[in-house]
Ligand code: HEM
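Heads up, the chain below is alone and in the form predicted on its own; it's given as structure tokens.
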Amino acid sequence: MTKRNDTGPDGERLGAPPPACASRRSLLKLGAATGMASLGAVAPIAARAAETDDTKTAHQSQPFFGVHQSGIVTPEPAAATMVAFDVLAQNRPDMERLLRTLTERISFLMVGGPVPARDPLLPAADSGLLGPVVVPDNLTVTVALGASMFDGRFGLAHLKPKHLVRMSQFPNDALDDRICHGDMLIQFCANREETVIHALRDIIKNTPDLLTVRWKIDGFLPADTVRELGKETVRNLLGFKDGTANLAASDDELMNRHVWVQPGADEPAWTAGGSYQVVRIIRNLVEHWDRTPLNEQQQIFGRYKMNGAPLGEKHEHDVPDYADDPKGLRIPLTAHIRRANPRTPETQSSLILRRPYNFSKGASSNGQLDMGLIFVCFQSNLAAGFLTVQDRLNGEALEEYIKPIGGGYFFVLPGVPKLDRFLGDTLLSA
């Protein structure tokens, strides 16, 4: 006779079997009664908590007016959409009308309010996606211009930011022109995807003769990151923490040095308060990555996968001592973190503010998952920032698992400091 095993596969004790006299029907009745009692006690509490959380986050808001636009040093909420537009305006007055319209709509959407009533025989004033009252939901809408805006259409060629260029192809890129470049980039970020969609549709509705969508990509963050808004490092779809050594967005001195163009800089005067924005759509070859040994993955990044600590260290934010590891015995010389930021006095000028999002778009025609990273960064000097960092990363081991396919370079307009001003007014009046 075989002896009954009272332990599970991990050695834990299994519960005693039900009494022999217990019928299946009685056990189902008991389970149902117990479940209903639990639900009766827990469900209302959970519902109230969810309702409270939703109400609280729905009314979170970021300032529209200020020296800088929101959405750069603002902590990242859960949802984002990057939309590049071709500008249909043909002359300077139309360009001003576009910028004034964007200012009016964005300043409303970021604060919210009741949807105005209209004659039902006319198109509705709002899509209705958020109901009769638009809530801010932590929305930020950030407007940037591409190099193509400084052609001959608006007489702005002599005012182009010094380092603003059309994105070129690096050795590992496979750029698809259909999802590259653009006259204007508008970055939408909010707590919920519905809020982002609502804002995008509002902008499109109110600029029918001025803008047309060139490309669009939607991004998201993991739930645990969102709960710790601005405090927890984003984990990318390769499973590693992304941006551990990022600049502290709350440090004004750092932001002024590395992110915001300063008055008196070697740039057109109107650019003060703005920033260069890079967007790179990067496919992750996750099937190949998921079959790669963990140790090799960690050597490629230079960090432990689970806690994000540099190899040889214990904690995520421990600073690696490369001077004490000149041959790369702990952190390989080819590791991503070592190439991206060698931590030498000479490379301090190439620090950038990262603001990435993950994306997932289904599957490709050959049956591979179409997902990856929307790499976003900001800097006061595109050449000294992203372009220098990317030159150091060319040829890194990670390139076997990633493929940049789209994006572009843009210049974020300075903020709107007060009510009687509008986005880009310093550019048009320069």
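In this text the structure is predicted, and so the values were computed from the model without any measurement. Counting begins at 1, following the sequence as shown.
One more form of this protein, predicted together with this ligand, exists but is not displayed; see below.
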query = Can you check whether Q390 is within 4.5 Å of this ligand in the model of the complex, heavy atom basis?
reply = yes
_Against this ligand in the model of the complex, would N284 count as a contact residue? Criterion: heavy atoms within 4.5 Å._
yes
Can you work out whether P332 and this ligand are in contact in the model of the complex, taking contact to mean some heavy atom pair no more than 4.5 Å apart?
no
L373, heavy atom within 4.5 angstroms of this ligand in the model of the complex: yes
Can you work out whether this ligand is within 4.5 angstroms of a heavy atom in all three of K241, I337 and N341 in the model of the complex?
yes
In this chain shown alone, the residue from R192, R153, R214, R354 with a heavy atom within 4.5 Å of this ligand in the model of the complex is R354
Only hit among A384, L369, L398, I405 for heavy atom within 4.5 Å of this ligand in the model of the complex is L398
Only one of 346 to 354, 100 to 108, 70 to 78, 129 to 137 sits within 4.5 Å of this ligand in the model of the complex by heavy atom distance, namely 346 to 354
Contact check, 178 to 205 vs this ligand in the model of the complex, heavy atom within 4.5 Å, ordered by sequence, gives none
